[in-house]
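Taking the form predicted on its own, here's one chain by itself in structure tokens.
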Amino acid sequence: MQYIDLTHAFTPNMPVYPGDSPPTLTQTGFFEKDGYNDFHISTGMHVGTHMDSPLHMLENGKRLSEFPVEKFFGKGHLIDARKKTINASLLRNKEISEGDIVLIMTGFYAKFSERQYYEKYPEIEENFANKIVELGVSIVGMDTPSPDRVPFKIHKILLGSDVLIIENLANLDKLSKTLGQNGQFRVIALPTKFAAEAAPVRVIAEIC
């Protein structure tokens, strides 16, 4: 097995969506003085690599903590959307089954530390989102800050059918180069079990 980490490291100076509060990661215990090291974190749920649940966009939607743990594992499919429109044509000839996890590679994660990352990211088209729902996909992830913009119609299409959303993925290009000819991998995407609308998530690709 090979494993590729698709998660941005959580740091206090990481960029955030415009209008969100920046996170803090502060050392509060020091080995030299206290005999141990300790850190304190303060963050919104939509910082760095994170997962959205239905409650994020739906008044009575489920919280992440309400989903069974098997929701966060599945066969992976990498969709190469670099310099392409993210529409349903990208899903043609893909053997996607119910419960699978689809990751969308745009290459935009390379701009994660730049201002334009949150200004010029590509969006998912409605026909793509509807096809994902039709196929019974469990989770959709992307290397951008969001699948759409206000009024967040794509969020609502996906989350309205319990398709969870992962934003701010990293290293999908590395995954693409490592997959080889058979292209088969599994995704492990375990969010922190917060009773909330979203949570930080560690996303790992397990290459078979």
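It should be emphasised that the depicted structure is a prediction, and the values quoted were computed from it without experimental measurement. Just count from 1 along the sequence shown to find any residue number.
The following text describes the form predicted together with a further copy of the same chain, which does not appear among the structures shown.
Interface residue remark: residue 16 is not counted as part of the site for a further copy of the same chain in the predicted complex, having no heavy atom within 4.5 Å.
Residue contact check for residue 176: none of its heavy atoms lie within 4.5 Å of a further copy of the same chain in the predicted complex.
None of the heavy atoms of residue 153 is located within 4.5 Å of a further copy of the same chain in the predicted complex. For the chain shown alone, residue 50 is not a contact residue for a further copy of the same chain in the predicted complex, no non-hydrogen atom being within 4.5 angstroms. Although a further copy of the same chain is not shown here, in the predicted complex the stretch 37-58 places heavy atoms of 37, 38, 39, 40, 41, 42, 43, 44, 45, 46, 55, 56, 57, 58 within 4.5 Å of it, in sequence order.
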